[in-house]
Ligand code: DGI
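Before any questions on how it binds or moves, here is one chain, the form predicted on its own, in structure tokens.
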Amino acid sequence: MNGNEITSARKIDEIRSYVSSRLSGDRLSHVFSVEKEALCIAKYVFPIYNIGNEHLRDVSAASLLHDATKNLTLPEQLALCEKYGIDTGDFPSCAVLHSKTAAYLSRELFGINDDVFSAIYCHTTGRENMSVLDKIIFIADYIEPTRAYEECKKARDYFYANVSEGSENNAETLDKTIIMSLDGTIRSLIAKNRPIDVQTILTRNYFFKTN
């Protein structure tokens, strides 16, 4: 698969089998929950942009693979960063690096298209000018129901209280939910006295400026 060729149904089966063999327990439950959540969000948002349901396969691919390297240690993450030429930033951590290494590993193993690669790559910090798929995976990862954090629950409640089938406001609601999630992440990192990846700040300011 190259460029933006939509993920095939056969490829989804291969990815699902791979993920099921590599992840287990809460992590696997989370991945499947993200897929379910992302597909639900997409059905509210896709019609606004005239995106066909065949692109739901890209949603599944990105959801299933977004945490493909989450269980790796920091030295293992750094080794993959060296292999793929990934910038580790000023404060390398598994929490941030896994999204980048997962994107590159997924491309190597499954030839994922550019849209899926981007959604996996930025699902932790976001980025400026996110695509529709980027946004869906980003927020699905944050609000899926196995997330027990209060900030995640608030964002989930806000999203589903403000979307409705066929509403043109669904895109704005998605963006505002992303802002809520970024604010929640930043507050949590400050409370834990941890560094904040600069891309998280840039993403938050971009959405704040455009909404």
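Start at 1 with the first residue shown and count on from there. Worth saying up front: this structure is predicted, and the values here are computed from it rather than measured.
Missing here is the form predicted together with this ligand; even so, the following discussion is about that form.
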item	value
Answer option from 36, 27, 43, 154, heavy atom within 4.5 Å of this ligand in the predicted bound form	27
Segment assignment from 128-136, 89-97, 104-112, 74-82: heavy atom within 4.5 Å of this ligand in the predicted bound form	89-97
Residue contact check: residue 67 to this ligand in the predicted bound form, 4.5 Å heavy atom	yes
This ligand contact in the predicted bound form: residue 194, any heavy atom under 4.5 Å	yes
Partner proximity in the predicted bound form: residue 189 to this ligand, non-hydrogen atom cutoff 4.5 Å	yes
Partner proximity in the predicted bound form: residue 147 to this ligand, non-hydrogen atom cutoff 4.5 Å	yes
Check all three, 58, 63 and 118, heavy atom within 4.5 Å of this ligand in the predicted bound form	no
